[in-house]
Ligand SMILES: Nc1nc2c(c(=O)[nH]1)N[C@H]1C(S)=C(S)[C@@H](COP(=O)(O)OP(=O)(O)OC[C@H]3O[C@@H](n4cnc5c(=O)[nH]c(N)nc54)[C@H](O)[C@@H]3O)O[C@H]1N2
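This document starts with one chain, in the form predicted alone, laid out as structure tokens.
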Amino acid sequence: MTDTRNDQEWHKTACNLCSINCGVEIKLDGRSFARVRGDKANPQSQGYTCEKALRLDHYQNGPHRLTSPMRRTADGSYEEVSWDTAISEVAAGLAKVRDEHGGETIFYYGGGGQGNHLPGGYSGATRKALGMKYSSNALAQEKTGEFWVDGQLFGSMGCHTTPDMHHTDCAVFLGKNPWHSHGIPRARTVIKEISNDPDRTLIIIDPRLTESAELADIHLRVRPGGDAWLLGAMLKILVTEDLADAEFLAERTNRLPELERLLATVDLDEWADKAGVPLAEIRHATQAIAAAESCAIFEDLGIQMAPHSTLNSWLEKLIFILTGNFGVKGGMNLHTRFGKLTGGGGGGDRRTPVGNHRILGGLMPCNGIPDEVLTTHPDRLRGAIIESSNPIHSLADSPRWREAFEALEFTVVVDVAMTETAECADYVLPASSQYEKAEATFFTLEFPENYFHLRPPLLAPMPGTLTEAEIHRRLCRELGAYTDDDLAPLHAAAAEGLDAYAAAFFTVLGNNPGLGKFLPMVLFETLGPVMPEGMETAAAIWGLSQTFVAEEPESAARAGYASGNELFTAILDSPSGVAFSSDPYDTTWERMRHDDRKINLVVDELVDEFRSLASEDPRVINDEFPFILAAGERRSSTANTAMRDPEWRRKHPTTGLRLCAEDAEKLGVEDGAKIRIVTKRGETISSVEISDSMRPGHISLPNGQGLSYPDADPEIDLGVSLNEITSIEDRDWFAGTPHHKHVRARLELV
């Protein structure tokens, strides 16, 4: 495709800065994003967007972009090499590790940044060619515990619950500030509508007085780390004060008597005190949930990156189950999905080779990966492919991760920038940006309608860069994954149209089943060349379209698609996105995977942990580290690490440590002063921001800062790199998710 100078046309695409990926329109000036606005034709976001999308040019253009493959030299610096050299040497380096130690000693981290998920599909071919076995991504430091709980309750980790917030009478956000972190389409509009409606209730459960909490009808200002006690108290109130839906529980669930006996051990007065919330407020909120015609609950990182995270997910889901808010309008439902976000299976039966960590949803726990490297164990990890991810910066304990990277025998990073992780790799391969190729997100999480948005490229790839699909195609060819003869029949069929291609595809795969290991790459190689200009990387969507219609024919038919080709064509022809499925609410029960289609109320693996809450006391203050640091607060002037240029937040050039006025007075610090933050892992210095949003003893730092950036203005504070002071040891015992929202710290005057 060609670039257009001084272009007056609005180009449809999406924001890549959170999981919702709102549809936007962009007006170009050459390669620059001159203007950005919401896309009213997008069926999910409907023209909505927040302030982050307006700064997307800082992601697309700037000196952070790489334009040549980079090879690490003996002195640790990098030199540019040609693509032919890079592909040859990367393939040889990975193959050497495979041949000497086995492909399972090479791990993969990534699968796409926010809204950049197609690369993960194409990487699968390279991984299969190398015999790789282990992988991980950001979901494994956030969501795998919740996914596993879904599997225990509903029969499969694929039974993911989603809140019907747009129709609910009572919206509960737990450990989440949707004003900034969104999580649902049109988040700010929706929570304002609920807040302003006298017949609806907005409940926020959060230690902080967030922007969302200011709109709430009920704000339970729980003690940091006290969520399990709060939820346990709410459940006790439901079952002992005749607030649970007895008819629903009798008809739709199993093991209720066991759950009731477990909850009988809860001492309401003591648990409320441990939670840090008056019992009267807990009872009021619980009664509001039970009395509402419908209730939907959204749990997020505030409880998923805190003590008892997997237990928290179980207790949270029990609240909407006990009140009968499952499989109903305005409640919680099981949605379709256009493609998998995680690997298959993985209910904890698979373990990592060295640390014996549970692999949930096919993903290694992020916090356990350095343990798999820094050891003399013969099965240790020895190589890595990192794609569109920056684990050294974004995962707990950056020093430990750098140590692990130095110990690996061969590493390659595929990214648009020289990230902190790339700075430790043997080779860095520059990828085209999310706006220089066909791209999509697979956070398809909505119900009753679900949406998919394939975005056409706005610009030609920056010279010197390649799409991830092309990078993996070249690696697969170098590794001898398949031959031209394997693909010849599909090349011929693709020229005749989609129907002919479909017939040939299943015939070829039937005759050569081994080719199925490289399926996305087969599609890219054979269907890609006949795709519209610039849309070659969308070839893999054809296969997903066939699979979805085959697996969910009724959902697809209700959305208007009788075949995979019809759906694929609609996706290609809809630059604002499409609704690919539509369901009545009782479909949720059809998606249950327990044989009797009933909910299993008791998660055996978590019962002992629940019982231990009676003797554990979150009120105890650690004298050495008396503060609880929430590492990674979302603010209006922060985003994820897709935007490295600090100029994007020029209205708030410094966003520092938030603490309450009471704590500031005790420490003798003023707003804007510098303060030292010390944890068991390290220390850092930040500016102070005195805020009434914080509880005494609770402090917070924003996410997405501390990034290296070429030629940055030395006067600009780049902010704190949080994971320089977080510990890899502080993690959930079951899922391995880190305690980023509960880091023990002390503050010292500078």
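Throughout, we count residues from 1 along the sequence that is shown. This one's a predicted model, so the numbers in the text were calculated from it and none came from an experiment.
Not pictured, yet referred to below: the form predicted together with the ligand.
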Checklist entry - Which one of 236, 127, 252, 223 is close to the ligand in the predicted bound form, taking close to mean a heavy atom within 4.5 Å? => result 223
Checklist entry - Only one of 205, 285, 369, 363 has a non-hydrogen atom within 4.5 angstroms of the ligand in the predicted bound form; which is it? => result 205
Checklist entry - Three residues, 157, 317 and 339; all within 4.5 Å of the ligand in the predicted bound form via heavy atoms? => result no
Checklist entry - How about residue 634: is it within 4.5 Å of the ligand in the predicted bound form, going by heavy atoms? => result yes
Next on the checklist: residue 728 versus the ligand, in the predicted bound form: is there a non-hydrogen atom within 4.5 Å?
Outcome noted: no
Checklist entry - Quick one: does residue 33 come within 4.5 Å of the ligand in the predicted bound form, counting heavy atoms only? => result no
Next on the checklist: Taking the ligand as it sits in the predicted bound form, is residue 331 in contact with it (heavy atom to heavy atom, 4.5 Å or less)?
Outcome noted: no
Checklist entry - If contact means any heavy atom within 4.5 Å, which of 579-587, 540-548, 512-520, 424-432 contacts the ligand in the predicted bound form? => result 424-432
Checklist entry - Listed by sequence position, which residues of 16-30 have a non-hydrogen atom within 4.5 angstroms of the ligand in the predicted bound form? => result 18
